[in-house]
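First comes one chain, alone, set out as structure tokens in the form predicted alone.
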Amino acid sequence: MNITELNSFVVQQINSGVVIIDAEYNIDLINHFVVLHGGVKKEQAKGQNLFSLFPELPEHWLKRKLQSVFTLNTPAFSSWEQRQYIFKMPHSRPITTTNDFMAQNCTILPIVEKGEVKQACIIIEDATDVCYYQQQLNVAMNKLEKSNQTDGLTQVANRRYWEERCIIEFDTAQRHDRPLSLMLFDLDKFKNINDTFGHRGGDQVLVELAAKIKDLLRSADLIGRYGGEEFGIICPNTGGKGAAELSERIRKEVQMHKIMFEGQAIFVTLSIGVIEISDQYKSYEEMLSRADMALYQSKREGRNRVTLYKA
């Protein structure tokens, strides 16, 4: 077997696609991989225009890539992360994946004769496995990130994440001179609920109320479990009056909400403290401490009420 025959044999047997075209995008060669996965016949391919044989190709984008190869005599590349595939080929991996088509890494190499680029060689590498496992890793990382930000019982933000967002929103409001309000609330006489219905009953109350209140908020607002039966809400771009009105709506909705546990109805009320950002506060902790003062004023004045902090 001479060197030409050996090269031809290797090109046909390698587990990557090979397509060789001239400067007019006419096909000079395709290998067995392209025939097998691309659904084309080798004898019909030679001499055909690349974009006629593969009409699903991103023609405008790929021509720009090819023109740079022919003009600059430099390789061009495309990874599956930039564009999942160039040639629309079904994959044959025995794995569960939502992708119907082969993920591909593609390299375009110039073929030079007598100092001039006469042809371009497109090499198609099957990256389906890499793509699939990267997607699975991303899903797992997203779940881990969400679990690190979420209270396990109520599925609202946990204290650590809620406070991180407090810092961000406080700094943003101060920097751009925007309104910001915080609300702290807890369930009135929650110990009585635990004593009467047990901790399972208390947990159900917390879960249902967290979901109920979350539905009453805007997408920009963030509710978090601050500890035990105490929760906080961040209200960006909201003044104290607007936050107090929202708090009053939440208070009324919760007061009327019936929670069923083992055939028994449970009714609860909230005491809420509201604080609006001010130039006098140097940190979000100062805002939080004053929201806490307003919350305990609601407790002292009989519970089941909203108090807007005033210096």
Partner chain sequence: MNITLSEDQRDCLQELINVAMGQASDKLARYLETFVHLDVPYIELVGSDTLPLLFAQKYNGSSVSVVSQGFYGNDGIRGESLLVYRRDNAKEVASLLGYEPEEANENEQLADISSILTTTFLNGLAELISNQMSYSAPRLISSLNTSLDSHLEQLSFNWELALKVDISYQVTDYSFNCDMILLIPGEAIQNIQSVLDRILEEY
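Just so it is clear, the model here is predicted, and its values are computed rather than measured. Numbering follows the first chain given and starts at 1.
Note that the form predicted together with the partner chain isn't included here; everything after this is about it.
Colleague: Look at the candidate spot formed by Q44, Q48 and F87 and say whether the partner chain comes within 4.5 Å of a heavy atom in all three of them in the predicted complex.
Modeller: No: none of Q44, Q48 and F87 comes within 4.5 Å of the partner chain in the predicted complex.
Colleague: For K282, is any heavy atom within 4.5 Å of the partner chain in the predicted complex, or not?
Modeller: Contact with the partner chain, no.
Colleague: So in the predicted complex, does Q67 come within 4.5 Å of the partner chain, heavy atom to heavy atom?
Modeller: Although the partner chain is absent here, Q67 would touch it in the predicted complex, with heavy atoms inside 4.5 Å.
Colleague: Can you check whether N73 is within 4.5 Å of the partner chain in the predicted complex, heavy atom basis?
Modeller: Yes, contact at 4.5 Å.
Colleague: Does R83 reach the partner chain in the predicted complex if we count a contact as any heavy atom within 4.5 Å?
Modeller: Heavy-atom contact with the partner chain at 4.5 Å: present for R83.
Colleague: In the predicted complex, which of 264-272, 282-290, 245-253, 57-65 comes within 4.5 Å of the partner chain (heavy atoms)?
Modeller: In short, 57-65.
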